[in-house]
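As structure tokens, one chain now follows by itself in the form predicted on its own.
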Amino acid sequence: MKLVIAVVQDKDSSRLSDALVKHNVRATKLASTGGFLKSGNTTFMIGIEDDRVDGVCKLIRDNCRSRKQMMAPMSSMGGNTDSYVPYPVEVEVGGATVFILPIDRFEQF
């Protein structure tokens, strides 16, 4: 048994959730916030049998795409006004960060 923790951008959350339901994969969704861009994320916690982990990873990969987005800087970098970038910069957002952990015991009540 494994615990798959997938942190995905909110824009991909509904599409991934629908795909998980379609493939009979139970998941718990948690609202989360990214530390770097301070943007909304959704964290999925999925308890799954070992032989289904690759299939779940494929669902995540297929439904969570990275994309480029223009972001206005929130503040100066490092507190020095010389390093402040006053114009929007293009950053890559989206995709998924996935952690796969072994589970010693799983119970449902």
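The numbering used is simple: start at 1 and walk along the sequence shown. Small disclaimer: the values here were computed from a predicted structure and weren't measured.
Beyond what is shown, the protein has a form predicted together with another copy of the chain; the following relates to that form.
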item: Touches another copy of the chain in the predicted bound form: residue 101 (any heavy atom, 4.5 Å); value: yes
item: Contact flag, residue 40 vs another copy of the chain in the predicted bound form, heavy atom cut 4.5 Å; value: no
item: Any non-hydrogen atom of residue 14 within 4.5 angstroms of another copy of the chain in the predicted bound form; value: no
item: Partner contact for residue 20 in the predicted bound form: another copy of the chain, 4.5 angstroms, heavy atom; value: no
item: Those residues of 1 to 27 which, in the predicted bound form, come within 4.5 Å of another copy of the chain by heavy atom; value: 2, 3, 5, 7, 26, 27
